[in-house]
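Okay, here we've got a single chain as C-alpha cells, the form predicted alone, with questions on binding and movement later.
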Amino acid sequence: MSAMELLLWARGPGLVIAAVIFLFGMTLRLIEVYSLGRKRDLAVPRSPTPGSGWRTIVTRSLPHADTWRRSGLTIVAGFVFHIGLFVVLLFLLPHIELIRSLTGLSWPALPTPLVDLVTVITLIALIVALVHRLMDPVKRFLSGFGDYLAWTVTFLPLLTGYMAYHHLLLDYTLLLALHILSVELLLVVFPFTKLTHTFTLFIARWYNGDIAARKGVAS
C-alpha cells in the first residue's frame, strides 16, 4: 500500500470505522453511567442545594493550597496540556474546516504559528507529566496500562500533526496519513479508557456537590 492509498483509506473507511466505534462506545458508557441504580433520597435536605453542584465544579477545578505545594508541577502540566489540546483541536484552521464539512458549524481560527507554538508547549507538558509519573514512586505504583495507553494516544496526534506541518523526517503524505490514523486510534480507544472523563468529569462533580449539600456535608 502506497502512502497515498493509506491516506485515502484513513480519510475514508478508517475514519468511518473509528467514528462508529467512538459513538457506539461513548453511548454505551454514558448509558452505563446514567442507568446506575440509585435509591430515591427521601430525606429532607439539611442545607439548600441550588447551586451546590455548580460550586463544586468550580472548587474541585481549582487546586487547594496544600495540593499546590505537594503537586505543583503536576497541576501546571495538567492545566497546560488540557488547555493546549483544546486550543489545537478547536482553533487550528484545518480542524475547523473538517468540523464545518461534517456539521456546517465553523468559527474563526487562531493564527497557525500560534497554534504551532501551543502544540509544542502541549507536547512538552505531556512529556513532563509522563516523566513525573515515572519518577514519583507513588504515582508509578498507582499507574497501570490504561494510564500509559491514554497518554500515548493523546500524545501521538499532536506529535504527528506537528511533524506533518513541518514536513519532518518522512514524506508529507505519509505523515498526514499517520496523523489521521493516530486520531482514529484515539477515537477507538477513547470510550474504553480514562479518557471518558472528558464527558463525565463535570457531571460527576456536579452530582457529588449536589448530594453532599443535601446531606449538609462540605464538598
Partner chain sequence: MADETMLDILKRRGVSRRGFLKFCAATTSLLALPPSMAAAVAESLGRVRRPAVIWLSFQECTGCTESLTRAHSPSIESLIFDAISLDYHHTLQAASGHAAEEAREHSMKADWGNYLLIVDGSIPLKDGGVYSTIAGISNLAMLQEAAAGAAAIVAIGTCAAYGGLPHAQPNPTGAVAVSDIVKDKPIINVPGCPPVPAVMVGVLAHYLTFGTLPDLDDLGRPRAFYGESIHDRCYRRPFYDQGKFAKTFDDAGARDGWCLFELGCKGPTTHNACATTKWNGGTSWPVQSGHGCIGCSEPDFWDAGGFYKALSTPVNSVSGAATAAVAAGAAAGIAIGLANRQRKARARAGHQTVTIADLEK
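Numbering follows the first chain given and starts at 1. Being a predicted model, the structure only gives us computed values, none of them experimental.
If you look for the form predicted in complex with its partner chain, you will not find it shown, but the lines that follow are about it.
Its partner chain is not shown here, but in the predicted bound form it comes within 4.5 Å of a heavy atom of L28. Remark: L8 counts among the residues lining its partner chain in the predicted bound form, judged by a heavy atom distance of 4.5 Å or less. The closest heavy atom approach of R140 to its partner chain in the predicted bound form falls outside 4.5 Å. Using a 4.5 angstroms threshold between heavy atoms, P111 counts as touching its partner chain in the predicted bound form. For a residue to qualify, one of its non-hydrogen atoms must sit within 4.5 Å of its partner chain in the predicted bound form; all three of A19, S101 and T173 qualify. Screening 165-173, 52-60, 146-154, 186-194 for residues having heavy atoms within 4.5 Å of its partner chain in the predicted bound form returns a single hit, 165-173.
Site annotation in the predicted bound form: the residue of V87, L73, L130, L93 reaching within 4.5 Å of its partner chain with a heavy atom is L93.
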